[in-house]
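Here we start with a single chain on its own, the form predicted alone, put down as structure tokens.
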Amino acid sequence: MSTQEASPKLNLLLDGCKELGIPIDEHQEQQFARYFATLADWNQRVNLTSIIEPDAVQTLHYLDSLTVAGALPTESLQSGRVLDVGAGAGFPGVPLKIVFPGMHLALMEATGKKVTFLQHLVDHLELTDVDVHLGRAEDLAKDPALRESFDVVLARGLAKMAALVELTLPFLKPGGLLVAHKKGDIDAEVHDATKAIRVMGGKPPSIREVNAPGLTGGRVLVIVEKVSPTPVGYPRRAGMPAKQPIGK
């Protein structure tokens, strides 16, 4: 599928961005079209996503990713250091990078084939200032170059909140923000993460309702501000945050 063929089919994305107050220029529209073509091609060989129908990609991947913009300070969007943990096929990090090219983006993924896709995608979309890291968050959080070095950490479909905060908050600077995509009734999940958030150095979370065309299911963004350094020893070894969440 050529860019010329794909671009007119991005009406859902363009209309949704207008409603979200996010401007998109012609070059960015072409990047989104190339993103879709690349995703559809690679998904035939690598299990990247079960959502591949064009309208669904625009709504459930692109727009869902871009809802993060409303939860972040302008400075972070324009020039902040942003980390997407468990980036998978690039959501939400890559759509945000397309729309806010000044951000410094890092994509972290534990599956080698997905990392290969992400590296190809970054090159194919001609994105600059994007780093792709292969490895588990539990291990990469021990790297001094990554630990407590980001202004924003994003997580979409990563884990329950108690495990998620142990996997993500160690990467944030004090003062930074974690933004996690969630949907449905999450009150109990957030409550169960109270101790983990505190231990990792975070404030009690705020919850922001997601209002964008086509996004149903009670989608919300759970936002945690980090206020103090994460203690040495966290995150625990690979697999432990999910198997034995703090507070459980």
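In this text, residue numbers run from 1 along the sequence as written. Please read these numbers as outputs of a predicted model, since none were measured by experiment.
Below, we turn to the form predicted in complex with a small molecule, even though it does not appear here.
- The small molecule is not drawn, but in the predicted bound form it has a heavy atom within 4.5 Å of residue 138.
- Contact annotation for residue 158: at least one heavy atom lies within 4.5 Å of the small molecule in the predicted bound form.
- Proximity of residue 110 to the small molecule in the predicted bound form: non-hydrogen atoms within 4.5 Å are present.
- Looking at residue 114, you'd find a heavy atom of it within 4.5 angstroms of the small molecule in the predicted bound form.
- Contact with the small molecule in the predicted bound form, defined as a heavy atom within 4.5 Å, holds for exactly one of 167, 177, 96, 83, namely 167.
- The candidate stretches are 143 to 151, 123 to 131, 71 to 79, 85 to 93, and the one lying within 4.5 Å of the small molecule in the predicted bound form by heavy atoms is 85 to 93.
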